[in-house]
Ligand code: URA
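What follows is one chain in structure tokens, specifically the form predicted alone.
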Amino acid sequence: MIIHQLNTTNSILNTFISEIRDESIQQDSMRFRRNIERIGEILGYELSKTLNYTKNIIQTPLGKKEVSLINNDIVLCSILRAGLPLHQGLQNYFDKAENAYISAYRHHPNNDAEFEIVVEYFASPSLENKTLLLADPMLATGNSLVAVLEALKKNGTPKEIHLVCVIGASEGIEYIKKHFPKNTHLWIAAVDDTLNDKGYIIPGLGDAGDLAFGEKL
């Protein structure tokens, strides 16, 4: 796996990361969503540098100009519901991409710390030979991404996979390395060292879905 961790370089990205972590700023859910969206835009911009380009001739009112444009067939796929603001940030830049949505959530059958990942909803175009951008803001244990990868297989085999995450844990990154193709790219804004006994990232930011859209039952 090829890992691109963006917060190792000083940039405005670090402002947005600090704000989504700050529990006082988190109270503004609209600002939280917008910051996730802006992080998605930055991750998308950096990701775009690795895609394929072909030269095109553009006709302006005064002449012609040669421009290199992306020629990948892109599918944006977000993991519901937390992935929606991140998806929007990517869609702001890859506005001609096809779109897919998949649900994946932690199910605690015994009402304790043990959980399994349940995938229920999936709507997607064909992924065969496409460039898949899979968006999930929090990469904790990595179980959700692996479960989603398995579910996506019924819609074809992507030519390349780019995972787009906001905050991840080192443990989760090591886990997905074992399950995704070796040429998979991971684009991540920040990496934290540990998980707690419930599988949440420490210090992380809390539950991204709840912060963006309100607490669920």
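Start at 1 with the first residue shown and count on from there. Bear in mind the structure is a predicted one, so any value in this text is a computation, not a measurement.
Only in words, not in the display: the form predicted in complex with the named molecule, which the text now covers.
Remark: of stretches 68 to 76, 92 to 100, 121 to 129, 134 to 142, the one touching the named molecule in the model of the complex is 134 to 142 (heavy atom within 4.5 Å).
Taking the partner from elsewhere, residue 17 is found to have every heavy atom lying beyond 4.5 Å of the named molecule in the model of the complex. Contact check for residue 13: every heavy atom lies farther than 4.5 Å from the named molecule in the model of the complex. Contacts to the named molecule in the model of the complex (heavy atom within 4.5 Å) from stretch 190 to 211: 199, 200, 201, 206, 207, 208, 209.
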